[in-house]
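Only one chain is shown below, in structure tokens, and it's the form predicted alone.
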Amino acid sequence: MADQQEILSGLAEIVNEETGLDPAEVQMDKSFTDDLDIDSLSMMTIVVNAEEKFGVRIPDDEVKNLTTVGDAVTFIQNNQG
């Protein structure tokens, strides 16, 4: 199981691959839409890649609750197998 920092680093890598954002900008308190300017299509790609990378299932109706990077890190950490 990945710890919080490993999940954050992995998400930053995924966001970088999808959007080109500097991984250093992907921090726990950043909003995916307001701070990182990630649109819904890119968010779905990030979710799919995060599911594959961390071996978790993120239901579609849960994605709307993952507004910050910290929300996503916590969800992944709590739902790893």
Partner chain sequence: MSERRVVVTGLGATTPLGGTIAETWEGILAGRSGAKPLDQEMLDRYELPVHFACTIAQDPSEVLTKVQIRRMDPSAQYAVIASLAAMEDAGSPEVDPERLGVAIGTGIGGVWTLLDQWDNLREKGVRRVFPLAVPMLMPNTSAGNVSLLLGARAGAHTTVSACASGAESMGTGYDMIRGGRADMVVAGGTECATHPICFAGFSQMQALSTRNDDPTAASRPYDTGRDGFVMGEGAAVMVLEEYEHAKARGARIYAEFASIGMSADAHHITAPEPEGAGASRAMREAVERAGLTAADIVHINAHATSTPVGDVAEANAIRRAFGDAVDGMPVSATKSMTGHLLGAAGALEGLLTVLAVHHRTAPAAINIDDLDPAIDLDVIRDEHRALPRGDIAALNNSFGFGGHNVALVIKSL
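From a predicted model like this one, the values you see are computed outputs, not experimental measurements. Residue numbers count along the first chain shown, from 1.
One more form of this protein exists, namely the form predicted in complex with the partner chain; it is left out here, but the text below deals with it.
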* To do: Find out whether any non-hydrogen atom of Met28 is located within 4.5 angstroms of the partner chain in the predicted complex, and reply yes or no.
  => no
* To do: Indicate whether the partner chain has at least one heavy atom within 4.5 Å of a heavy atom of Asn16 in the predicted complex.
  => yes
* Within a 4.5 Å heavy atom cut-off, is Asp35 in contact with the partner chain in the predicted complex? -> no
* **Contact label in the predicted complex: Arg57 to the partner chain, heavy atom within 4.5 Å** => yes
* To do: Just give me the residues of 41 to 72, first to last, that have a heavy atom within 4.5 Å of the partner chain in the predicted complex.
  => Leu41, Ser42, Met44, Thr45, Val47, Val48, Asn49, Glu51, Glu52, Arg57, Ile58, Asp60
